[in-house]
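What follows is one chain in structure tokens, specifically the form predicted on its own.
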Amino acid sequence: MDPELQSALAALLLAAGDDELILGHRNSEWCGQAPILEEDIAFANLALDEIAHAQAWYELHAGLVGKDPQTYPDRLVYFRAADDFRCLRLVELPRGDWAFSMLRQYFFDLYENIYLRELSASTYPPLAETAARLRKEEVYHLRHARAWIVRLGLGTDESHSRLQAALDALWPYAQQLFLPGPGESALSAAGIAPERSRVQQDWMEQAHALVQECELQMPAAGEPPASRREHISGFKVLIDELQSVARLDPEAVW
């Protein structure tokens, strides 16, 4: 592969892994805290799925940059500085209430289902194969999140107002999903990755339809963060906690 394309693809894969990892970490914070027992189990399993998907992207990244796919993902997760993570602010935000976490999950799952569908046609076979495999699980994630959004939006006055507050807070952050990373225009031209503007159009249509179905009001458009390098305040604390055990003995074999 052309070095320029390889560098751009490596950046895309790393960012995809970081998004999945941090979203899974945030979702795991609901373990033992979800509103009903069945959902406690379901959302914990969903968090594990996101972390497993992160590993899949990290392994693909490792193969691309000539690292060992068995050991390199752990090095990326547990021994990278917080500033070197490339995740979206959307997934970094504290979990909030149930409406906030579930709407964030819906926004991300909707994006993933569309983006993975496009990636499954990539001219880079390992990427196409991974995307097709992960999308089979993401379809169920999306159904689960959508069902909860409808339940909250058309439920009680309180659930509706909490969902509206979540929509107002999350909408600007969700728009960062469609900011292209470095070199992505070249990846799109080579058929390796889709143009995010095309993904955004499909996402907007489906998101707007659900907002109307739930009788919510669209918030005023806000400015998304300019890049994936701008982390939320407190992100380093999250990473320090995530890495704390591994860093006690970096050479330990688990």
Partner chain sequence: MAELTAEQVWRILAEVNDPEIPVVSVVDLGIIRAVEVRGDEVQVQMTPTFQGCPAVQVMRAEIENRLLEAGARSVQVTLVHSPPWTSQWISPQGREKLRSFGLAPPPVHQGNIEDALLTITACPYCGSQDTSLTNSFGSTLCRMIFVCNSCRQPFEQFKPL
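Since this is a predicted model, take the numbers as computed values, not measurements. Numbering follows the first chain given and starts at 1.
This protein has a second form, the form predicted together with its partner chain, left out of what is shown; the following refers to that one.
Its partner chain is not shown here, and in the predicted complex it never comes within 4.5 Å of any heavy atom of residue 29.
Contact check for residue 133: a heavy atom falls within 4.5 Å of its partner chain in the predicted complex. Although the partner is absent from this view, residue 140 contacts its partner chain in the predicted complex, with a non-hydrogen atom inside 4.5 angstroms. For residue 41, a non-hydrogen atom is located within 4.5 Å of its partner chain in the predicted complex, even though that partner is not displayed. This chain appears without its partner; in the predicted complex, the one residue of 52, 186, 207, 34 with a heavy atom within 4.5 Å of its partner chain is 52.
Checking 168, 118, 129, 74 against its partner chain in the predicted complex, a heavy atom within 4.5 Å turns up for just one residue: 129.
Using a 4.5 Å heavy atom cutoff, none of 88, 104 and 197 lies near its partner chain in the predicted complex. With its partner chain omitted here, the record of contacts in the predicted complex names 44-52 of 44-52, 187-195, 210-218, 61-69, defined by a heavy atom within 4.5 Å.
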